[in-house]
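Shown next as structure tokens: one chain only, the form predicted on its own.
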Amino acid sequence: MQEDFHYYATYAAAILAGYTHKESLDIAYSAQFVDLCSRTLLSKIKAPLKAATTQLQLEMMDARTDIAGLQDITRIWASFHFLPLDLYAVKEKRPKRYMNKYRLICGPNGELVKKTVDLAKDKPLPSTGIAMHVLADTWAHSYFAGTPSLVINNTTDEFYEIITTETGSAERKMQFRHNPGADDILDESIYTNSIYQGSENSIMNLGHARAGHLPDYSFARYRYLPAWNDYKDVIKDNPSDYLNAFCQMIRAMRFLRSDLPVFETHEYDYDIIKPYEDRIRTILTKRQPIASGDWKAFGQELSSESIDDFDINRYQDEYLSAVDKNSTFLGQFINGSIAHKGMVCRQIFESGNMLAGFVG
């Protein structure tokens, strides 16, 4: 997912969940900040590096792919962007090494989603934002794993976009290129993805890189052949998944506000969005590279307030000048990110899987 959903759509979901304008901005800021809180940024503000929630492209270029390096990558990406669906999944006739990676495949409504939301309960609002980012990404990034793996994350070139037509739908074969500086050409289904690398642990095989930005586009519907499914067809319907993510975020945040006694997976607040459903579906299905403008307009109509554009520097001076770092917005985000990463990595380790390292 991109800033359009993590910031602006999260703001709208928070308003619908009952939060104030200021609270919703704080939640949305934290949700988007998960995609930007790198070690480079943490070094700049002299904050603990273990709070990193992402890795910049330049950081990834220097990342090691030995055991320690792979564990470091997995701790970040599996925790915050590709939350595992089932750490105890079973697939017949596969060795343990394969299964350890297979069990990190991301998906919605797993046990770790509930643990993620529960962990944010009674914590400062930045923890709510972190949880909403993680929850939303389980929908967008489903079928990919947050660890470098050719045998899990690879795909073939057989990608077909499902296009809505006047008479129903049709398939159009996608074209992929490998220039990260080139924009996707949506009208022609030309997209950018990572270069094929035969090395199992290549960074090019992390997450959904082999599928490019398709998981990040709410309008995208496509059929493809992933390695984890033995190169059999999988159909991904992003508009439906993003709608579920939006309604599940509302549900989760109502629990975090104590409007609901418990958060359960597979429950969505469709009734709350009913008056706005057509508007939301129109945003989700519009073919555009990023829907920030549409989500921002919708959020402002909901709250009758102006939504500040995201500014990565907004809270840095406060953190740098504070004597008590824990009382600052970024201090609360940092504490929340460390707690969440620790919880996920502990669950991975306790399942008998060492891909995120040893957690005592």
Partner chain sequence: MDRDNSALIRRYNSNIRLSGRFFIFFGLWSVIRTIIMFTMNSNIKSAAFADAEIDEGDELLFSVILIIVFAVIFMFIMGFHLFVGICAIRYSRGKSKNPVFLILAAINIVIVLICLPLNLDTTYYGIASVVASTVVDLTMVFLLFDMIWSAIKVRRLNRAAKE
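Positions refer to the first chain, counted from 1. These numbers were taken from a predicted model, which means no experiment stands behind them.
As for the form predicted in complex with the partner chain, it is not shown, yet the points below apply to it.
Does the 4.5 Å heavy atom contact test between residue 223 and the partner chain in the predicted complex come out positive? Judged by the heavy-atom cut-off of 4.5 Å, residue 223 is in contact with the partner chain in the predicted complex.
Taking any heavy atom pair closer than or equal to 4.5 Å as contact, tell me whether residue 93 reaches the partner chain in the predicted complex. Residue 93: no contact with the partner chain in the predicted complex.
Does residue 233 reach the partner chain in the predicted complex, with heavy atoms at most 4.5 Å apart? Residue-level check for residue 233: yes, a contact with the partner chain.
Give a yes/no on whether residue 158 approaches the partner chain to within 4.5 Å in the predicted complex, heavy atoms considered. Taking the distances in the predicted complex, the answer for residue 158 is yes, it comes within 4.5 Å of the partner chain.
In the predicted complex, the residue from 199, 240, 229, 164 that sits within 4.5 Å of the partner chain by heavy atoms: Answer to the contact question: 229.
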